[in-house]
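Before any questions on how it binds or moves, here is one chain, the form predicted on its own, in structure tokens.
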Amino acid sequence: MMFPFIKEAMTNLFSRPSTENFPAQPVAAKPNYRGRISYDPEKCVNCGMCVKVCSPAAITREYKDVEGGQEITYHFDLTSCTFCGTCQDFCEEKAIVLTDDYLMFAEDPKDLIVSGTRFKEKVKGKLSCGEGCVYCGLCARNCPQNAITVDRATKTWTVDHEKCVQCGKCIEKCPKKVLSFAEPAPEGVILGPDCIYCGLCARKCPVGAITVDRPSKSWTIDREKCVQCGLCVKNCPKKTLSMGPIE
């Protein structure tokens, strides 16, 4: 028994190796392996759902205002990522994909950060809800930023414009297609149905923007002159004047 390992050595000599010849011969990952994240910024709509559902907070985004819109950059930190695939599952645009690339080694941690930048053209106007809304609440349920509130009991719809990232998910899901990004209508003095054409508004107007003709029962306003001071509204005896959006 001077050579106790001779038998084992001879057996291994004529047996197939237990290891792969890596990296000389790259080995493919197993099916459904979740490896390095691939991010396509052109598909991204900036809904932020991936940031919201990432449990290790490995996804961040940055905004940079540029001429005509914004540059939005997403960063995926692979040193914190657990490769659970939740971000991929929640991304309806398929902008995030976990590839089969398992060769994630680097001397600098910055080399393990996947980033992508897209230009988002500035949307004119804010989100608004038009006539025909049935207050189904689909827009609120699909809003990734919880910026929309719908009360079906009181039939009210509100949006927090500070939270809204204008991703368009609500518009896409609206069954009545009444949501849109539109320029807010300009505001000014509005005449209601109870006017008695007393002319008090015209007399109180400091810039002479209002004209009242009692015989013909007509009321007109020169909006170029109007400074929206509100004196006409304040002094209207029938309270039929108000400030609001005008067509």
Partner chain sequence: MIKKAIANSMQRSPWLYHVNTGSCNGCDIELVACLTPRYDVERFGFKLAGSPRHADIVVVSGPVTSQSKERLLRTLEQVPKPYCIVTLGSCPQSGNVFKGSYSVEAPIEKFCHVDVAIAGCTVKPEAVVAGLYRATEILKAKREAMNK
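Positions refer to the first chain, counted from 1. Everything numeric here is computed off the predicted structure, so don't read it as measured data.
Keep in mind that the form predicted together with the partner chain is not shown, yet the notes after this line are about it.
Contact with the partner chain in the predicted complex holds for none of 115, 119 and 156, as no heavy atom of theirs lies within 4.5 Å. Residue contact check for residue 133: none of its heavy atoms lie within 4.5 Å of the partner chain in the predicted complex. Taking the partner from elsewhere, residue 109 is found to have a heavy atom lying within 4.5 Å of the partner chain in the predicted complex. In the predicted complex, residue 90 stays away from the partner chain, with no heavy atom inside 4.5 Å. Within 4.5 Å of any heavy atom of the partner chain in the predicted complex lies no heavy atom of residue 99. Distance criterion of 4.5 Å from any heavy atom to the partner chain in the predicted complex singles out 80 from the list 80, 145, 149, 86. Proximity to the partner chain in the predicted complex, taken as a non-hydrogen atom within 4.5 angstroms, holds for one residue of 196, 57, 66, 182, which is 57. Of the stretches 199-207, 218-226, 174-182, 49-57, only 49-57 has residues with a heavy atom within 4.5 Å of the partner chain in the predicted complex.
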